[in-house]
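Only one chain is included here, represented as structure tokens and corresponding to the form predicted on its own.
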Amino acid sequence: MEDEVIKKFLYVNRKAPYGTIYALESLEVVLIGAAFDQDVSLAFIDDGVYQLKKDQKTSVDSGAGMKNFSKTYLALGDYDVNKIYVDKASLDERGLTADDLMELVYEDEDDDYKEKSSISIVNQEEIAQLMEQQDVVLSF
């Protein structure tokens, strides 16, 4: 049996969380991939930064027409998805800061299982470098 090569997957999230199916579909694909031991990273740019905004309020009766699924992001650490990159320029353009984002954490087994933040605020050059390092880049 050949050794399996684990590919690096970057999921780029560009859309607002509600109004289209892109954000929910991306999250579902990420969780499935992580369950199958893919090396998963996520990047949130443009209106995608709204996907990580804390205290999202929506209901099926609202204009969004979708149930709030934002709490599902809190499970990413349990799936070893701890490389989450948020574009600083996209936050700035929307009047948001890191404090406006959900606290997504993972337990670092190499550091006595301390909880650490999964989110890194990065610039556009760092996002471009990250994309170059991946085997597969999927944009939602």
Partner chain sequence: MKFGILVNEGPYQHQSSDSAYQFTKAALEKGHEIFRVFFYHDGVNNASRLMVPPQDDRNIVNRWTELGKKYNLDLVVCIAAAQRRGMLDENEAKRQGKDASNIAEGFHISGLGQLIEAGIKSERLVVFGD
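Quick caveat, the model's predicted, so the values are computed rather than measured. Positions refer to the first chain, counted from 1.
Not pictured, yet referred to below: the form predicted together with the partner chain.
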Per-stretch contact check against the partner chain in the predicted bound form, the hit in 50-58, 85-93, 29-37, 107-115 (non-hydrogen atom, 4.5 angstroms): 29-37
Contact flag, Leu130 vs the partner chain in the predicted bound form, heavy atom cut 4.5 Å: no
Contact of Leu24 with the partner chain in the predicted bound form (heavy atom, 4.5 Å): yes
Phe9, heavy atom within 4.5 angstroms of the partner chain in the predicted bound form: yes
In the predicted bound form, residues of 111-129 near the partner chain [heavy atom within 4.5 Å]: none
